[in-house]
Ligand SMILES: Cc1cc2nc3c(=O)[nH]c(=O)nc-3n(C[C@H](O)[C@H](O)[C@H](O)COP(=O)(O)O)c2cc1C
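One chain follows as structure tokens, the form predicted alone.
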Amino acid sequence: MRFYAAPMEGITGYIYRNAHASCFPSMQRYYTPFLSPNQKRTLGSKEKNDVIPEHNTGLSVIPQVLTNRADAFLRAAHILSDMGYTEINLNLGCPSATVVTKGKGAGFLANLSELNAFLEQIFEQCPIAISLKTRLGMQQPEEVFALEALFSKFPVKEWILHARVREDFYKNTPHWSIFAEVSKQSKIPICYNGDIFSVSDYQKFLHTFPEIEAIMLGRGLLINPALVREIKGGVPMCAQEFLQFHDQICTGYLDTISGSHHVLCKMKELWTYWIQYPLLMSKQKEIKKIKKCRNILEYQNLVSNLFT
């Protein structure tokens, strides 16, 4: 099985990726939070900073792009190709209302004729391989069969399929029955995405879909950075490992972000996931203080004393 780390906007940038790869070297690929080229500029300074090779040394990184304009996609692809990337991932799965209402992300799935024209142009002119990350559809999971028929016309390198529709967002149960049907008939290599939070979740999936060779982990990996190690038979994350991982991320942010307030905001966002890890669930009172503090030094002291 190949394990991919999902892109999470504002969270899984190069600081996080490098810390995770250093502390828990288990992932075959990391996908970047989406780059959003438009008519005015191809990539912003923060986006370029996230994908430049010197910030991703030793990592297998796939840049993800969110756009519904073929010219913008191709400009980004050429920049990424010049950086040395050999694959680009098209985001057709983001369920955010601000994205969908603009006909991007999962919203692009609602207009197959425009999507077809877009794919024809980018596959004809893109200098590097293209993979797709999608939902099953906008409203009904059966929409995925029309998507499969469309995608099969193009040399898609890999199809990362989140087994939910846009209307599900991240609620409800992934539609495994529909995923089973489309994965059997698709000629495109499929990677599964959706609700793998534990070793038992993985084992249940593997038993149901023994033919699938790749899984993308999102929220489950944020909650438990050592999830893949556990899946492979290794030990759970211990307190010392967590603190090392935390400190590497926090130090990376302090070295690169102007203003400790912004660092605190980014670290507190990570705590919304970490608090769900069993090792930390018994530390509710301590974590409540961490999430309330407004001073970076106080924050660092509270974290360092968490297991004392």
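All values derive from a computational prediction rather than experimental measurement. Each residue number is its position in the shown sequence, starting from 1.
The form predicted together with this ligand is left out here; the points below concern that form.
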query	finding
This ligand contact in the model of the complex: residue 123, any heavy atom under 4.5 Å	no
4.5 Å heavy atom contact, residue 194 to this ligand in the model of the complex	yes
Any non-hydrogen atom of residue 224 within 4.5 angstroms of this ligand in the model of the complex	no
Any non-hydrogen atom of residue 216 within 4.5 angstroms of this ligand in the model of the complex	yes
Interface segment, criterion being heavy atoms within 4.5 Å of this ligand in the model of the complex, picked from 115 to 123, 199 to 207, 79 to 87, 186 to 194	186 to 194
Contacts with this ligand in the model of the complex, stretch 1 to 25 (heavy atom within 4.5 Å)	6, 7, 8, 9, 11
